[in-house]
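Just one chain is shown here, as structure tokens, and it is the form predicted alone.
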Amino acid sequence: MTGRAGERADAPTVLAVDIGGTKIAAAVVDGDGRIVADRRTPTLAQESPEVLWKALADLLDAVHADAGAPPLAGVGVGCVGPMTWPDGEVSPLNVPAWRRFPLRRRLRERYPGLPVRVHNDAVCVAVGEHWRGAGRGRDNVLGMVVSTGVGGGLVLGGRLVDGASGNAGHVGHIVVEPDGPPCPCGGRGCLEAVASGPSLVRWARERGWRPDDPDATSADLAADARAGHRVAAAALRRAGRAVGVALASAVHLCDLDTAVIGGGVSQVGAPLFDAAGETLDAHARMDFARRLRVVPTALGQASGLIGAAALVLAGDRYWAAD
């Protein structure tokens, strides 16, 4: 938990929430995008809907108290999908406790009179990085999260682009290998099917990496790659090339300034980013496309929380649904 003293009593503050498959993070964020207080709790993914809801409500009460219970300007939420947007009815794949759970409505009932805004967690990462992170000052930004899945969000002309169903920028399902592996979405060769953490581990294990370690993770894969393991290094290069292909497609379609990459898999650093950069250079041949900057997140794990807060604090740029 973090905290700061000396906040102006009249400064706008927002409750921000980042709901993932393994943890829920909540924070009070001030008008400058700074976290005043924050807490985390495990996601009770296998419990009943109301048990998970109570855990979230208790977390919000606790973090608000930690911050000194300031007046609130609203509530912003990033949640793993899928969801119906902008209604905020959520059915996270890895959270069976919630199926068609009316998250936005329940939060509105709990905080009457305040704006409550719910968007995809990867969209909130993109918003946070555009508002206060690595994409600040750039008008055309793709935010990408490479983790258990691969998601993203898209800012064009300085404003979040939602698309017809709130899924604009969902870069994880750009096809990078047309005859590639099956994807959880039902397609083949999507970026997520190649570069997500579970996909990396599966590919490497099929080629002899840690065959007797069923609990090995993408973090273990990255460590072995750094230690010189041939298959582990090849898995990360393959993922980086897939990211580069996806970026080349995205920059030609959207004329981007910057791509910001975060998520657990992105933390492997050079093996992923170097391969992505080399592949992008090979495929992005138009002059305008060669301007693209590819950078890691500047806000780290706080990106999603700060982006969720921005749905309220900078709603003129990042919320167009009501």
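No experiment lies behind these values; they were computed from the predicted model shown. Each residue number is its position in the shown sequence, starting from 1.
One more form of this protein, predicted together with a further copy of the same chain, exists but is not displayed; see below.
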Open item on the list: At 4.5 Å between heavy atoms, is Leu59 in contact with a further copy of the same chain in the predicted bound form?
Closed with: no
- [ ] Report yes if any heavy atom of Ala97 sits within 4.5 Å of a heavy atom of a further copy of the same chain in the predicted bound form; otherwise report no.
- [x] no
- [ ] Find out whether any non-hydrogen atom of His252 is located within 4.5 angstroms of a further copy of the same chain in the predicted bound form, and reply yes or no.
- [x] yes
TODO: Classify Arg188 as contacting or not contacting a further copy of the same chain in the predicted bound form by the rule of any non-hydrogen atom within 4.5 angstroms, answering yes or no.
DONE: yes
Task: Listed residue that, although a further copy of the same chain is not shown, lies within 4.5 Å of it in the predicted bound form (heavy atoms), from Val116, Val80, Ile174, Ala233 - done: Ile174
Task: Contacting member of Gly149, Gly169, Gly135, Gly240, with respect to a further copy of the same chain in the predicted bound form [4.5 Å, heavy atom] - done: Gly169
Open item on the list: Which is the contacting stretch out of 155-163, 108-116, 216-224, 86-94, given heavy atoms within 4.5 Å of a further copy of the same chain in the predicted bound form?
Closed with: 155-163
Task: All of Ala248, Ala282 and Met286 with a heavy atom within 4.5 Å of a further copy of the same chain in the predicted bound form - done: yes
TODO: Select from 128-155 the residues with a non-hydrogen atom within 4.5 Å of a further copy of the same chain in the predicted bound form and write them out in sequence order.
DONE: Asn140, Leu142, Leu154
